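There is one chain below, alone, in structure tokens, taken in the form predicted on its own.
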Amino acid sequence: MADATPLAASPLPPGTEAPDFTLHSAPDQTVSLRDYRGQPVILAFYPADWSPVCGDQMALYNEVLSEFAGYGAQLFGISVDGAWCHRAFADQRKLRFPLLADFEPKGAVARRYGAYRDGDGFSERALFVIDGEGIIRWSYVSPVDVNPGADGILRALDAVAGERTPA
């Protein structure tokens, strides 16, 4: 008998060109990945607004936002929740970075990044660091119930920055 447990997502690996996308950051505003060429981008896919682990993870990133900015990096949180839900969540948590709605078609961007849980209908807790040329430099999928923290992101940004520094 086949196991009904959903298989863990297989995120796009380092060295892969990051798929471009355009998602809503507010009901009347969109963000496109291509608009951030030339600077590092952090994509933090997460299962859902209002869940305890997601709230803790986004709050942590809010606290270390200045460290990300020190690398010139732009952070985006992405889930299948809609723009209105994101707005309420961001306001309540006082988040200072955009949350993008991978809402319709549901999970389309997460699927392209190998970060969608088909059996559950939401994104994995997946992280991607993309360099200024649009290449994924680091990817990681954390168990859904575990906050992955920021150390891996910071190490990846440090590696990207080190490669840009002239010898």
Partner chain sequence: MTKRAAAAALTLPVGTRDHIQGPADAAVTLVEYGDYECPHCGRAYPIIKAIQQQMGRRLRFVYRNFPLRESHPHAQHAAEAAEAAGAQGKFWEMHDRLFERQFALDGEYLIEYAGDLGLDVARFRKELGSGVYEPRVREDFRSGVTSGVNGTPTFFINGVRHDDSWELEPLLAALEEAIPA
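Numbering follows the first chain given and starts at 1. These numbers were taken from a predicted model, which means no experiment stands behind them.
Absent from the display: the form predicted in complex with the partner chain. The rest refers to it.
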Q: Classify residue 35 as contacting or not contacting the partner chain in the predicted complex by the rule of any non-hydrogen atom within 4.5 angstroms, answering yes or no.
A: no
**Q.** Contact label in the predicted complex: residue 51 to the partner chain, heavy atom within 4.5 Å
**A.** no
Q) Looking at the partner-bound form in the predicted complex, is residue 29 within 4.5 Å of the partner chain by any heavy atom? A) no
Q) Is there a non-hydrogen atom of residue 141 within 4.5 angstroms of a non-hydrogen atom of the partner chain in the predicted complex? A) yes
Q: Answer yes or no: in the predicted complex, does the partner chain come within 4.5 Å of a heavy atom in every one of 64, 145 and 148?
A: yes
Q: Would you point out which of 128-136, 54-62, 98-106, 41-49 contains residues with a non-hydrogen atom within 4.5 Å of the partner chain in the predicted complex?
A: 54-62
